[in-house]
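Two versions of one and the same chain are coming, encoded as structure tokens; call them structure 1 and structure 2.
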Structure 1
Amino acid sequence: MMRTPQPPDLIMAVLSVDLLVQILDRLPDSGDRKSFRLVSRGFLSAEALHRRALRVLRREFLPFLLRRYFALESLDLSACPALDDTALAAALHTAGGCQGLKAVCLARATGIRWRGVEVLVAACPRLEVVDLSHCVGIGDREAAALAAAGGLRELRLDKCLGITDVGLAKLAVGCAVLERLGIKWCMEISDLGIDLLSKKCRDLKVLDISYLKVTNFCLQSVSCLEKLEDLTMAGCSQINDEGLRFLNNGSNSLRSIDVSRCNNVSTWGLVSVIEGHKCLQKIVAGDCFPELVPLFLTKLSGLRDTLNVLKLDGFQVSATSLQIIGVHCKNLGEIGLGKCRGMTDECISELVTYRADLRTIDLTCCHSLTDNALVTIADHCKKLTCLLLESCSLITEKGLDHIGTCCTDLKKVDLTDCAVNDTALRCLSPCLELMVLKLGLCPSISDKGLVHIGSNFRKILELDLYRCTGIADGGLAAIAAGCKSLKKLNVCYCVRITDQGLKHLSFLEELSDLEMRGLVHVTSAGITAIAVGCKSLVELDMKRCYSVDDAGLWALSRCSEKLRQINISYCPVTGVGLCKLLGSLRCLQDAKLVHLTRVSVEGYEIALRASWDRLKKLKLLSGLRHFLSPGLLQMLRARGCRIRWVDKPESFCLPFSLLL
């Protein structure tokens, strides 16, 4: 008897795989692509053929996924904290290698050592991009294994503390076509390593040496890199103006330089850089030197057609200096003036009168600014997309009304600690493109203000309501109804919120980061609603939620499989709940477990042993250091887990029986 063709079979009879792949090209939304591959096996095969990038959340699925998605070009394993050499080698062997793979992210995969790197390089002959940042086990031997990837063009090694000049030398010799390198916080690298790197990797375009203990000699070597476009050297305290003068030779095509927090650099050093590079597009010099000298301001005229970003946080400024910047920097699109001393309404007026094309203005902690500054900005900067006004406490709804009316392209607004109210939010309602809104420490905002947000800001992705004590469950209902794309929400210490408010939030399927400290009326019922509804949740902070017990942790362990970071400090949970949570969440990397007074030492021991191979960060009471077994602590440290011991003995009480 012949089988009656089912609808998916009929579809496959009409649509070829090539046509299905073209359809996938026109589905940018991840949810739509997921629905597509669930139609039938044919659709699933087409999706496997089409997919070029993959982010793996669970180590145990890696072999299966590599076999299915054989056409991958980019693989992100940063969410697999328990990944080690054995698991990586087994997955690559099962998949028969990854011949087309070009980019691999292993950030924070602290179980990876030289054997894993060696297998990866052998299995992926087309490898061009590797990210090993924050892998504390990566050292010179791993660098030597990676050097076999001769086609490597981009490498991130930020905070790989074991790498020295020897490892960098091996990379420089083996990866001669390297174009982008990040070695931020690699404290064992010195001038010698940078010198050899500069001689061997002549194609370098982007270099980050922030916080290294390098000297001026390092910049003498870097100045010979003819193709260098972006140099970041934040916090290099041993470099001074003499070092920057080496960059004056103009032998490279420098477009961006960052000397922020370089305490020994002054405007004279930056002047020499500007003189040698007339095509600079970005200068970051925040918290570097105290004031702008006239010569520096004059030299900016040489960058009138190229300079696009200028960050001068912490400087002493005046109306005259900002007028000069406005007049000379015709192409300026972003300016950072946070914490600048001497900032007044007149300063803003002089700047924006000449620079109407500004798109980003950072005025964080410019306490003297009033509504007059906002009116001036609104009148001139019609294309503004980002306005940061944290702690500008003198502004009111009057100034924001002008901003809302004239700057309708705004995508990010920071009004933290500005004491704005519901009327101010109504004034911003014409800004329909808003994606990030920060309103922390604004207690005058109520549910009425959140209704304005939910009704108008449909594209919002991040909302900060930290200590907005006037909001309650009704406001969260408005947010959940109108802001369906919300990914990050902070409602810490909004003490009127109850379980009902969290039930409203549970309809936000895209929510990945929820901060809800100090919600004293929330119980495990509210946490359960979040766990069941918010399937994308990655970070959860419920410190001081005094009514959340084991039932909430059980719900999270069952439903929040993507959770990577959690804070349950001061919650009345027991060792059973803690063990269930840490043992079940396979993606968990960061846990803050302070003042869990109902958890015994044995409870901590069992829970941490259940997750020792995944955890990268732990926060515990210092009193526990003396009671947890040395073997457990050694295992955690061996896998790169950083334990932060906090000393709060007055709140730390172990049952007497446990001390015997």
Structure 2
Amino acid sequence: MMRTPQPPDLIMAVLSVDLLVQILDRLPDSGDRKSFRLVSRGFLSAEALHRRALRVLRREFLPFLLRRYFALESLDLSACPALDDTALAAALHTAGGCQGLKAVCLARATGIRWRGVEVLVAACPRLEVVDLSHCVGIGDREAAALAAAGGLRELRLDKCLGITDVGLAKLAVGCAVLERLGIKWCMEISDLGIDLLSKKCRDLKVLDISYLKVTNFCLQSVSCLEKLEDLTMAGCSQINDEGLRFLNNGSNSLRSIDVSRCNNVSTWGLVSVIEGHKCLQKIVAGDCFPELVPLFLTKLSGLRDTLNVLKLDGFQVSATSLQIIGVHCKNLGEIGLGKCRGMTDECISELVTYRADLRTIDLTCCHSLTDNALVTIADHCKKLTCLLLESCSLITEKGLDHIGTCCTDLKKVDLTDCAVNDTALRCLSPCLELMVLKLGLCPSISDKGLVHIGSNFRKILELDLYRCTGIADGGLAAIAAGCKSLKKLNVCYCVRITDQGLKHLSFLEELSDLEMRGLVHVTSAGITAIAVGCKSLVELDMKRCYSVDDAGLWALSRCSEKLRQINISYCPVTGVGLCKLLGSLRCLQDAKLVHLTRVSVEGYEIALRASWDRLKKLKLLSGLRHFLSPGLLQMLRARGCRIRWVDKPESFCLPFSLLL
């Protein structure tokens, strides 16, 4: 007992706190940091001194963490389950306020209401960044509480459905120094609110008004914001060219504009925007008007030195138009040409011969492209990092061979639905930096191809093998052996995979997101292996794994501590397993429980009661609506849980519970 504190003290004598802090500066990896703070109390306090950002995964530790990490500047509570006003207030109360806290993320924290916001604002006087997106219950009252934070610079309110013009007005009056504001999907906000906002918050630099029901009048007010740099208004169908003409005055310093999916915008509107702003760096105009008229292309030449990103998804293009773009836009780094009609190999060669420094090329759904296009891309764009070729079904390994040998910087490749085979994967093997690879719907890929992946792409983070029916356990073994840092894996409907394959996957400690729908040969033994091995698992989708039973759920509830989202629809689990799962997983927030035929109504009832207050989203069969007790549903709703009732008929197995 007396000895135990001795060694750390000795270490502390050698390594002073400031030296430890210096060491921590050079430790970016969270696992290393964890080992560091487990050394001794001295190390722990040094770590606490050094830490600036914190992401909390459990509600019950929040007060304690806030007290320990007093120097925090950024706090992320988006993954914290069952966080409500009371818990937040208590945590802040025990921590004695967070004087230094500047950024708080409360995205999807549906339990937070105005009292919580009020307490937060009062406790953190230096608050500058707040994220409340997807808190659908947030309304004007919360906005009023938030408006008390006068120093707020950045605010995200995406999909806060209750906020109206009045709430926005309060924010505009209260937070006059606001620089970045996102009010996407706040459907109640209209022109009036935006008008007042643009009069009060003169420092606004970034504004996102996507999908709002705003009209041209709103752009008239927005055009007076002198410091505005980034305007996103995707899907504002009531805005047309006349509105964009207000932006013609050039009184703001617009750098980026997004008018994608604005149905009533045409070339003329964009031309007037370009005329007014000679420094535009980014134009996103996907899916808004079909024709690329010459005037627009010639106007692009006015932006030759600045334009960096150009997205023209869904346009009718021709070789000449792409040639003009290639010749004029000297600084172009990213081009989006997804779903463009008339796209041929010739178009691509016209574009890339002039623009050799392209980094990102999006050619999604350009069905008529062949290997020739890939060859020209490979010959010119040596610095390419991202190449999206989804549904370019004519390309083969020949083209990819050129890409592999020439574009070795590639980080992201999408070959979904391209019918590539193992040879193509071997051709890509020089791309050692590859981090994201999507190979969905390529049934000709076999374990050999996966061996290439496992042996070459060591840095890969995300791998999509959706419906690659050719792969089996051997391929997964190769991946598990090679791709140690893999975080996301999709093996849905790769029906040949068995428990053995999952046992291989269980060596992937970093794996956080596993989708394995329809693996009919996988049993609870495989799930147990995953649960024990993949400690970081956050999201698991095992819909239609018809052989997984309660034992799998037991293993998950015992081992997968961090599991936040689960889909066990159609699995033959019983009420006991479900109850155990929902009752013991402390981070679980999102559960999809459709067609659990062996779970009775009582089973659902008990399981949902056992989940207590952590669930935020729930997907249930609509038939259950009338069988579950109203009190339970009321309680769930009061805790901020949204229930999605689905009405999917399942032909051969009626819900077991309803038959009883």
Partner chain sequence: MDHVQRPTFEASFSMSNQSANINPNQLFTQFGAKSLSGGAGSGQSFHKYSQNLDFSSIWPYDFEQVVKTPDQVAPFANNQMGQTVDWDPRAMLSKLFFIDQKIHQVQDIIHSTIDIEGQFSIQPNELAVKQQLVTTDLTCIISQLISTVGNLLPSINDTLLSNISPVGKIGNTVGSPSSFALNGTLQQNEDFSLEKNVVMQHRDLIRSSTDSGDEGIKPVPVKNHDVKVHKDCVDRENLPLGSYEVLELKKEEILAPHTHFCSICKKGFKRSANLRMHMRGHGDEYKTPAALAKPRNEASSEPVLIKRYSCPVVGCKRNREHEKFQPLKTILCVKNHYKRSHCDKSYTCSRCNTKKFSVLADLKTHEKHCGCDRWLCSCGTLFSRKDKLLGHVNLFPGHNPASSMGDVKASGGTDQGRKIEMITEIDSLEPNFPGNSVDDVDDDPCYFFPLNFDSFKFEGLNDSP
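If you superpose the two forms and keep the largest set of C-alpha atoms that fall within 1.5 Å, you have the rigid core. Every value quoted in this text rests on a predicted model; they were computed, and no experiment measured them. When a residue number appears, read it as a position in the sequence of structure 1, where counting begins at 1.
- Only structure 2 comes from the form predicted in complex with the partner chain.
- In the core-superposed comparison between the two structures, Leu633 has its Cα shifted by at least 2 Å.
- In this overlay on the rigid core, Arg614 has a C-alpha that sits 2 Å or more away from its partner position between the two structures.
- Here Arg642 exhibits a Cα shift of 2.9 Å between the two structures, evaluated on the superposed rigid core.
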